[in-house]
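Quick setup: one chain, the form predicted on its own, written in structure tokens, and binding and motion questions come after.
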Amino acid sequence: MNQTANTYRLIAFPMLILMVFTLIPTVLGMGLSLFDWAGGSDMPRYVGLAHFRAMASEETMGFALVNTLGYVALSVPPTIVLAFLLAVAVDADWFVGRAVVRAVIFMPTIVSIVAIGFVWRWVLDDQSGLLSSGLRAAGVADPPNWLIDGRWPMLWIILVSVWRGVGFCLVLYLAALASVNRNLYEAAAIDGASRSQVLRYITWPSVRPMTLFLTITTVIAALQVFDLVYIMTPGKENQYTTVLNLYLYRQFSDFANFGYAAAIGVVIFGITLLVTAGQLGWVRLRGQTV
């Protein structure tokens, strides 16, 4: 009895923090999505599902949804696959300088994403940026404006996101690789298995739980993308770079359309919930665990 009481006391404070800063704001946001409110002294006006019906026919919302899902599809798989391959290489017995390489690859993960965004914005600046200056020096007369023209900004945002996320995934993969039974590799060497066969039939299946965990968590994080897009396209987002969270922010800060912004938040929450439930259902269907 005392042990049970102590357990509840132990989790009481974290549960209170979770409720105050996560659960209550989420419920209030869902409620606000049913109202039209510009803030200030205006009273919220109940509009029901009008915001959601408006979203279904709004062009910018469609762009934001497609861009967000495209960002998830193009950034998550390369991050995980690249991290896995790098982890296998770094974990190999023949690899020299393992600690240094691991630290260098992991470093972008601990650097503020705001700082990373500003650095890459300078690198990709069309006038004085490192890339454009280098291309002009190499004879390219008119390089594109990497952060404004067409699909270039989203392409660079995805590349920077992959570059930043690989380090975190690599460290977790290294931890997973450390638990792989080395006898399996010795048996494969005796049987004459090639490196690709060892990678495919021993290493990859052995770290599958970590892959599933990374897939679920990175997909959730990718669906929340905002800061990198906001910093690298300061006020100049186009139809290819407007993502859901950025569109929510514009509705909230630029147009004081709080009810509509809350409705977008509900859509993001619903998509995240749906995608996560789908992934967990797929994992359970295959009889695996995360």
Partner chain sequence: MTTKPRLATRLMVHAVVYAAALTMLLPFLWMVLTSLKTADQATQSPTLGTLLPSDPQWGNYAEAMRSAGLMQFYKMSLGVAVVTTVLAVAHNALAGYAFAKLRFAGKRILFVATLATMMLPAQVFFLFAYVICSRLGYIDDFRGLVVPFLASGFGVFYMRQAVAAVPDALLEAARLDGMADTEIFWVIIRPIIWPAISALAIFTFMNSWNSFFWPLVIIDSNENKTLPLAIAELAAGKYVQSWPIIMAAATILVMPLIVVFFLAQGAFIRGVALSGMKE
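No experiment lies behind these values; they were computed from the predicted model shown. Rigid core here is just the name for the largest C-alpha set that superposes within 1.5 Å across the two forms. Residue numbers count along the first chain shown, from 1.
The form predicted together with the partner chain is left out here; the points below concern that form.
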query: Among Val123, Ile80, Leu212, Leu74, which has at least one heavy atom within 4.5 Å of the partner chain in the model of the complex?
result: Val123
- prompt: Considering Pro144, Pro205, Gly97, Gly150, which brings a non-hydrogen atom within 4.5 Å of the partner chain in the model of the complex?
  reply: Gly97
field: Partner contact for Gln197 in the model of the complex: the partner chain, 4.5 angstroms, heavy atom
entry: no
- prompt: So, in the model of the complex, is Ala189 in contact with the partner chain at a 4.5 angstroms heavy atom limit?
  reply: yes
- prompt: Going by a heavy atom distance of 4.5 Å, is Ala178 a contact of the partner chain in the model of the complex?
  reply: no
message: I'd like to know if Phe226 sits close to the partner chain in the model of the complex, meaning any non-hydrogen atom pair within 4.5 angstroms.
response: yes
statement: Looking in the model of the complex, the residues of 42-67 with a heavy atom no more than 4.5 Å from the partner chain, listed in order, are none
query: C-alpha of Phe269: shift of 2 angstroms or more between this form and the one not shown, rigid core aligned?
result: no
